[in-house]
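Form predicted on its own, single chain, as structure tokens, below.
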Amino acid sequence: MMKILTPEEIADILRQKDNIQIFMHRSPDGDTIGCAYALCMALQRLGKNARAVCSDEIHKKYSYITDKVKKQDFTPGFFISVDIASTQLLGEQYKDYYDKIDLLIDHHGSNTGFAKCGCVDSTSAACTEIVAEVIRKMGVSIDRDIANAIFTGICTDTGCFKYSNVTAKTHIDAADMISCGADCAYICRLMFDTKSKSRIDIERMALESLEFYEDNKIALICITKQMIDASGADESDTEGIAALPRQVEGALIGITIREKENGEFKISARSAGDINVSKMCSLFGGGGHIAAAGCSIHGTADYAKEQIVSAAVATLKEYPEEQ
């Protein structure tokens, strides 16, 4: 059983450790990237060997964060995961580390507690909120570079502060990062108002696949490998597309199915109100937050669609007051 720690206790441990490797989750988003690099920079400020690793490539748009970390050559002896709810999210490349994580920091209520010790705070809108507190407890001054990383995590995991997970503390933490030098206007423009042509193309194709179920209460899009190839999109071009089906007026559950390798289909689910899509995704070994969760289904696109739509229909029946 994982030992539960406070941010202050985590800070105490990190001050004593060295040669630290920080894992991000596969298909990295702004929160896991912001967490890993902010923590890595803070550890390096203390004179420690630290690096951040990910099983998938990080998009060049995050270079304003990733370029600020010194590349260090060392043999890691202490392993941390950030913004990772289960070991499978480490990715196939790091499967040998599934049982070797010493410390985890996360904000997913579905976290499986796979590390030796850690902190899981599901009230935090972004995992970077927790990391920011750990860094403060470590006694490291949050400079512009660390602030940019933390602000990126906060703004991306809250949909630019419009999701229901936003709290007063979220705004306070974001304001604190701005006071430390974070370039909020640049980051928000880059994350939300700048799209590559390939992103526009894959978004158009995704919308053309839009289907509705249960009197339009469930909206679904499916992104195939053929669509990815035709658009020239890469992994990062699909980031944020999961929000599209839920934006349709009247849709209570939005589902995005994305074809991966070897018959795997990645499912992203978004909901309105208090509809728990994390519980729905847990039926397929996934999880996440109440209003935003994911899982994977193996088979064909039609099979994945049938399975997740059936689960979504059953989920809706549990919330007649929302309809």
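Quantities reported herein were computed from a predicted structural model and do not represent experimental measurements. All residue numbers are counted from 1 along the displayed sequence.
The same protein also exists as the form predicted in complex with a further copy of the same chain; that form is not shown, yet it is the one meant from here on.
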Does residue 216 reach a further copy of the same chain in the model of the complex if we count a contact as any heavy atom within 4.5 Å? yes
Can any non-hydrogen atom of residue 208 be found within 4.5 angstroms of a further copy of the same chain in the model of the complex? yes
Can you check whether residue 117 is within 4.5 Å of a further copy of the same chain in the model of the complex, heavy atom basis? no
Residue 225: heavy atom within 4.5 Å of a further copy of the same chain in the model of the complex? no
As a check of understanding, the residue in 138, 89, 166, 241 with any heavy atom within 4.5 Å of a further copy of the same chain in the model of the complex should be identified as 166
Choose one stretch from 129-137, 172-180, 92-100, 72-80: the one whose residues place a heavy atom within 4.5 angstroms of a further copy of the same chain in the model of the complex. 172-180
Which residues, if any, of 106-144 lie within 4.5 Å of a further copy of the same chain in the model of the complex when only heavy atoms count? none
